[in-house]
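Coming up is one lone chain in structure tokens, specifically the form predicted on its own.
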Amino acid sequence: MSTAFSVEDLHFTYPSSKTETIKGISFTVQEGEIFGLLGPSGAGKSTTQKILIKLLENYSGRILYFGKDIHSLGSSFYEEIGVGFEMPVHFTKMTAAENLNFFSNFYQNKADVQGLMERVGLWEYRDIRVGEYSKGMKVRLNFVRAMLNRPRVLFLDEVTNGLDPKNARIIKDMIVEYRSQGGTVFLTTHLMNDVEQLCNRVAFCVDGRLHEISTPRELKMKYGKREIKVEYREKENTRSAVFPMASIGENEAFLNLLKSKEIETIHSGETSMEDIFITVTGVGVK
């Protein structure tokens, strides 16, 4: 697979600020992967995303898109990317179908709009004004809009925020299908379940710098405990015991417990992405 984005020593300062927002970050996003950029509010995630999609310029450093400096890319660049902002922006006095038709006309490549709307449960509501849509419907419509041009790279910001579990699962399934077909996804989110279910790799952005670029599994191995907790019944009470994972198959106390007690649950010491987020960034998930 090719490298979709290569970012080298990226710095950026907003004109109204005396302090850098992005402080020398470097990372790559491989073609065909879902790359998550995580971090607390104000850490620089959205700024990084806006730079990558050429909404912000006057940065220092180097950004390559499939080997080409993005400074050299013209309007054809936008034919290849799809963007779903956190706050859906639609023409509220127009219907959903009218909105999608309007934005679709900007592109040469055109997706199957009916198919996309049917997948997210909006096709039967296509002739209703967007101003009458619920928040969840607007979020789903926003995702469809990001897919209108059959993008090569998809930028998503809080893509399932505001969705019920059923519709969130539909969107996540569509993202996984998109990746399986060779698509590349750059994802920013505070929803750690989305990270665990979707991302191949993640990077934590803290105060304009990157920390811990790795896979969710490797992060869990690093920050988790190599132990097993067993909950079991004893005299109508639930009790627990913890055993080191090393040589667990030869641990006589563990094996005797399995043989002699009514086991209720067995858990490894694997930590959650939420706990890792708090540990790495020093703040809670908002």
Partner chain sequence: MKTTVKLLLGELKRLIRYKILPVSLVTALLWFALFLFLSREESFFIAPLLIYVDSTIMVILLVGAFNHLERQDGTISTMMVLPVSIGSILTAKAAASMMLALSSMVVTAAALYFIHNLVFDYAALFLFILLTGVSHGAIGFFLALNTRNFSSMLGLLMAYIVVFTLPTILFTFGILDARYDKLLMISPSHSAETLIRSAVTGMYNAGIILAACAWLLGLTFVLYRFAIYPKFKRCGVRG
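Predicted, not measured: the structure shown is a model, and the values here were computed from it. Positions refer to the first chain, counted from 1.
Note that the form predicted together with its partner chain isn't included here; everything after this is about it.
The chain is drawn here without its partner chain; in the predicted complex, the stretch among 22-30, 225-233, 35-43, 51-59 whose residues come within 4.5 Å of it by any heavy atom is 51-59. Looking at its partner chain in the predicted complex, residues 123, 134 and 161 place no heavy atom within 4.5 Å of it. For the options 118, 177, 207, 98, the one in contact with its partner chain in the predicted complex, meaning a heavy atom within 4.5 Å, is 98. Checked against its partner chain in the predicted complex, the candidates 195, 113, 170, 83 yield a single residue with a heavy atom inside 4.5 Å, and that residue is 83.
Looking at residue 215, you'd find every heavy atom of it more than 4.5 angstroms from its partner chain in the predicted complex. Taking the partner from the other structure, its partner chain in the predicted complex has a heavy atom within 4.5 Å of a heavy atom of residue 90. Contact check for residue 181: every heavy atom lies farther than 4.5 Å from its partner chain in the predicted complex. In the predicted complex, its partner chain sits beyond 4.5 Å of every heavy atom of residue 73. For the stretch 130-161, the set of residues having any non-hydrogen atom within 4.5 angstroms of its partner chain in the predicted complex comprises only 145.
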